[in-house]
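One protein chain, two forms: both are listed below as structure tokens, the first as structure 1 and the second as structure 2.
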Structure 1
Amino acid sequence: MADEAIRTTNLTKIYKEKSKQPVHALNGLNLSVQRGEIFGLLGRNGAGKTTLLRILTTLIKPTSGSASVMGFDVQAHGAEVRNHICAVLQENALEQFLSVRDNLTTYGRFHSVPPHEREARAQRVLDQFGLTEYKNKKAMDLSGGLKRRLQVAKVFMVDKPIVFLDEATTGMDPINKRAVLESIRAQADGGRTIVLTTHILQEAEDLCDTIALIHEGRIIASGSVATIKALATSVFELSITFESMNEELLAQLKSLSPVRFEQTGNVVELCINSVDGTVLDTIAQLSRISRITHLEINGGTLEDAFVELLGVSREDTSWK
């Protein structure tokens, strides 16, 4: 389809090792990414996200099924695919003995950026990613977070229509992370397609236009953030302020088997599973024990949806 940047059909990848059981990293995965969107790929450790990115970037071949990028089959037309993409994978790929600026200009040279444009683009990227004060430092002398920021900044030296980012903000402090996320959004607003994996749910919620949840090598849910949240139909987040707190009230609250429970004085915040319509009955029962002076009810969060969809406990939500 003309508006598709990426499509996979029944994509399967099986890793085989002698004396070991075959590992199905991807298991008939079907995916569609539209041009110009930020697409978030989320899932637990070992779900298949990095394997998918490595296939789409032509680093490994699938066992079966098909994948195309900008209309080019990743196996039959690998060179054309590579001409349309740039990627930041989990491994850092920096020239350790070059300065920050030279890392950028060298990357531009490798991608045939004309000499008269390299310096201008490098300065733009340095400013955009807050790296100007470090421009003369060697990559080997940077902190882990700055190295990762430089790795992400490099791919924006070139004008490829699709950018793959695998755990792009790993190791960054909150301020640096915000700058990088704002830069990624600006690139998408300019028409580029961004595909990213992240284990930070708030990051995905703030940044992504579309989210897909991958589990055991399959996409089990996809859509906008609102669509994914709506899948947690029986989960409610409550914030209740009581006139007074007593043992009877605490016992009643704990009898609800909350997924999450936090108490600060007379204020209780909890997450409960409740069939729509009965949550108000629950609140009415609580109000008979102690008068409620403030109440907020919200639908499930992105994390609530994932916990429900994956059928795991909240203590076992290790996304990557």
Structure 2
Amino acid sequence: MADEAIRTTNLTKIYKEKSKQPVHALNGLNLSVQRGEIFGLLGRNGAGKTTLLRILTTLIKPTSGSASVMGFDVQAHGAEVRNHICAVLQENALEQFLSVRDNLTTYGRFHSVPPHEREARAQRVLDQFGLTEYKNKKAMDLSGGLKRRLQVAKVFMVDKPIVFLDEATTGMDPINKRAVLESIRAQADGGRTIVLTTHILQEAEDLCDTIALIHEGRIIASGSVATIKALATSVFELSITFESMNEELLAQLKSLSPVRFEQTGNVVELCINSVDGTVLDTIAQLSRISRITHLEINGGTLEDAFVELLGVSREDTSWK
């Protein structure tokens, strides 16, 4: 498809190390990213986000399945893929021996920014990221937060159509984070495709056009932020302690068709799918059957909600 920036089909990655259990980092992952959108991969640590980005940036080869970037297969046409991308890796990658400014200009040189433009761009990026006062410092002398800022700043030196950002804002203070997020937004408005990973819901919500939830190496849900949020906000985690437990109560609880249900004595933990507001009515109904001595309600984060749902949906196929 012409307006597709990235596509993966049954992408699988198994890390094999001697004398260790193989790690299935990606398990048949399917993904499609449109050009010009900000695409967020949201998932817990270990979900496989970095592995996916490593494959898309040609750092590692998939074990099976395929992936293409701007129509180029990552395995067969690695160099072509690299012509269209720039990436902020999860770990900092800086020229420790070079100054902040030189880090920017060398990055520009590698990405074919014309010589006469490099200095001007570097100056603009320095200003944009509040790095001007450090421009002559060597990267190795910067604090952790500043290093991260410089690392992220580099991609704003170049105009590659696709930008990968792996946990770009990790370790940044809120003000700089804001600035970074705004810069990313501006880039996308200019037509670039941004693929970012994060384990922070808020960030994905604020920034992304499309979110994909990744769990155990698979995409378990994807869609616009609004769609995903609507799904997520209807999931509640309840922990209720009743004064006493009886058949009627159990029947009532079951009739809520919980996606997860656990009972230990008088304590019931359940996860229900319910439209906004009605959850309180439900609880009120329950309390008429048996008095509630303790109650906890969690709106469940976007991620948790889906992880819970996925965990349950494997056993309970009745859940839609």
Partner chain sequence: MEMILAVLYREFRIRTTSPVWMFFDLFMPLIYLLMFGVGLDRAMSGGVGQFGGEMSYQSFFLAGVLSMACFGIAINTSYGFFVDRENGIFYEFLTYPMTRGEFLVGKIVFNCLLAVVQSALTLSVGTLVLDIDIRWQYAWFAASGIVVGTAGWFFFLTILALRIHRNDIFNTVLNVAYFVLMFASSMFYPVDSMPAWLRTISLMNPLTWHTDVLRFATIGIGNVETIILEAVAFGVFLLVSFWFAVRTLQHAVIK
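Note that the coordinates shown come from a computational prediction; the quantities given were computed from them, not determined experimentally. Quick note, the numbers are simply positions in structure 1, starting from 1. Under this definition, the rigid core comprises the largest set of C-alpha atoms superposing within 1.5 Å between the forms.
Taken from the structure described as the form predicted in complex with the partner chain is structure 2, whereas structure 1 is drawn from elsewhere. Core-superposed comparison between the two structures: the CA of residue 250 exceeds or equals a 2 Å shift.
The Cα shift for residue 50 between the two structures, taken after rigid core superposition, is smaller than 2 angstroms. Annotation: Cα of residue 181 displaced by less than 2 Å between the two structures, core superposition.
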